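Given next, in C-alpha cells, is a single chain: the form predicted alone.
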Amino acid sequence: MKRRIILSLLVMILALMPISTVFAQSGGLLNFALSGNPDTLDPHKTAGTLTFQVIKSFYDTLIEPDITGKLVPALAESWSTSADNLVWTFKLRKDVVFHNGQSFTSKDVKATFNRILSDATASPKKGDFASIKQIDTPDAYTVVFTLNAPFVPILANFASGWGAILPSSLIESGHNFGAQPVGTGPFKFTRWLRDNKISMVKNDRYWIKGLPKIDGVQINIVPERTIQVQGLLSGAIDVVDIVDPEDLPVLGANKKVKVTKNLTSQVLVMAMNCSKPPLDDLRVRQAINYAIDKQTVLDIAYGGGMPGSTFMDTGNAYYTDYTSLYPYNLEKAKQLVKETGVGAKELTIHVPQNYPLHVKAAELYQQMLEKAGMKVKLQLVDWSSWMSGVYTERNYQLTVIGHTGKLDPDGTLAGYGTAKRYVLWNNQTAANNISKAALTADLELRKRLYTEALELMAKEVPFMYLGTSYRYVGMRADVMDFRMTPSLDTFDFRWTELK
C-alpha cells in the first residue's frame, strides 16, 4: 500500500510537468529536485540557505568565489583598496545587460547597496554592509565605497548572494523581486508555482560567453525523499542535491545514476535557546552535550562526517578542536540531569520537516537525551515556519539545523555573544573579540581573536555541535559538471551539461 501511495505521488508530480520537461534531457532542460520552497526570491530580504541556492541562477555579484573558493572578478572586472582599507574601488564590466534589457552601470550598484542599507528593506544582511559610509560613482563603470572603519569581511560579503546586484529602474519603481526576480544572472526567471516548481530559461545575453550550457532549469519542489529517489531512478529528475545515505545502495545499483561524495562546509548543530529555562542553565546545556554520541549521529543520520566542537566547520582554517571538553559521557550527562532537575521538565526539539536528514538526527537526539533521563518530544515544522518562528522570533527550546559555511569567519560568527543571534547567548568577551577581528587586517591577530571567541562558544555551548557531514549528490549519468559554490553551497548551473 505504501509503495502504491509513493508511486501515485510521483505520477502526480510528473503530471504537473510538461511532457517536454520530463523527457527533455536531449533538449537541454535540467530537472532538479529541491526539498522545500524558498521563503522569497529577493536576495536582500532573506537569510535562508535554500533561497540563496535557488537565486544564484538569477543574480550576479561584483565578485564571486571560483571553484577553489578564491575571490575572482564577476560584474566587477577588478578592484583595489586604499592603504588604510577604508576606500574600495571597483571597475565594472561593460556590455552587461539585466534580464529586463536595462544596461548595467554603476548606478545599479549604488542603488542596490542603498536598498540593502535602507531600514525600509529590513534586510537581515544589512549588518554585513553597515560599515559603508558613502558610495560614489565617478563614472558609469566605476564605484567607490568609503567605509566608516576598516572592515576586512566586506570583500567576502560583496561576493556572497546577499550582495546581488539589482536594476536601479526596478528598485525605484518598487518592483517585487520576491516574486519576480530580475538580475544579470545566467538564467531568466519564468515561473514560480509554490509547492510545485520554479522555472527558468537560459539568458542568451549572459556576460560570460558560452555560458550557460543548458537551455533551462526546472527546480521541482519535492519534500518527499522517496519521491526524489524514484524520480532520479526513472529519469524524471536529473539531480538530487542531498541524498539520504539509506538510499545509496539502490542508487548505486542503477548504471544510469551516479553519486558524488564531498565533505560539506556546514556546521551541523542542535541549537539551544539560552534565554529560556531550563536551557539558561549551563549545566543543562553541558548535560545535553555529554549525552550525544556525535559520530553515531553523523554516521546514521548523515552518512558520516567529522565530529565538531565549536561553531565553525571542521575543515575551516579557523577551526580549533575542543572535543576534549565534552566527550560522549552518558554517566556524566545523567549526573547533571539529576543535579539540575531538568528530567522533570519536557523539552521540545523543533525540526524543519523538509530536511529528512535533520529529522533523522533529531530522532537520535531524542533517544540519547531520554537515555540520560530527559523528557523530549519532537515538533516537525515546515521551512517557512522554521524561518519565522524559530530563527526570527526565537520561539523554541531546541532545534536541529545546519549552518552553511561563509567566505569569511565573520559571516559565521558576527553577532554571537549578543541577543542578535537566535540562540540568545550572551557573552560580552566573545562578542567583543568577534567585532574586533572584523576590523583588523592583521591575520595573526584575527586568528587569535576568533580562536578565543570560539573557545568560549565551545565551553559555554549555546549549541550541541555535531560537526561537519558528507554531502551525497545524486544525478543521472548524463549530467556533467554540476557545481556547488565553495563554502556557500549554492547551485551553480552555468557549466552543467546534459550529454
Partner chain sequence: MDFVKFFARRLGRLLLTVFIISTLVFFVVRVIPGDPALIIAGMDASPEDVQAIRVKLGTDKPLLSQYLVWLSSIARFDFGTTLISGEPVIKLIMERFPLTLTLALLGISIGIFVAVPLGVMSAVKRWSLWDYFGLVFSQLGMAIPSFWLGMLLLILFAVKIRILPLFGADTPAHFILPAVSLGFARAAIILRMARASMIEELSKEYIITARAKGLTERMVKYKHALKNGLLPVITVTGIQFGYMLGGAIIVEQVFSMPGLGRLFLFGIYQRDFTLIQGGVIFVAIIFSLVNFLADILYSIVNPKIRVE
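This is a predicted model, so every value here is computed, not measured. Positions refer to the first chain, counted from 1. Each form is matched to the other, and the largest set of C-alpha atoms that superpose within 1.5 Å is called the rigid core.
One more form of this protein, predicted together with the partner chain, exists but is not displayed; see below.
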From the candidate stretches 45-53, 446-454, 431-439, 65-73, select the single one in contact with the partner chain in the predicted complex, where contact means a heavy atom within 4.5 Å. 45-53
With a 4.5 Å heavy atom cut-off, would you call K126 a contact of the partner chain in the predicted complex? yes
When the contact criterion is heavy atoms within 4.5 Å, does N427 count as touching the partner chain in the predicted complex? no
So in the predicted complex, is the partner chain close enough to K406 to count as touching (4.5 Å, heavy atoms)? yes
Residue-level contact is defined here as any heavy atom of the residue lying within 4.5 Å of the partner chain in the predicted complex; does E224 satisfy this criterion? yes
Thinking of S388, T392 and R421 as the candidate spot, does the partner chain come within 4.5 Å of a heavy atom on all of them in the predicted complex? yes
Consider the chain as shown here, without its partner, and state which of L147, V239, I171, A236 has a heavy atom within 4.5 Å of the partner chain in the predicted complex. A236
Check each of T137, T260, N316, N196 and return the one that places a heavy atom within 4.5 angstroms of the partner chain in the predicted complex. N196
Across 358-377, which residues bring a heavy atom to within 4.5 Å of the partner chain in the predicted complex? none
Y391 C-alpha relocation of at least 2 Å between the shown form and the other one, rigid core basis: yes
When the rigid core is used for the superposition, does G231 move between the shown form and the other one (threshold: C-alpha shift of 2 Å or more)? no
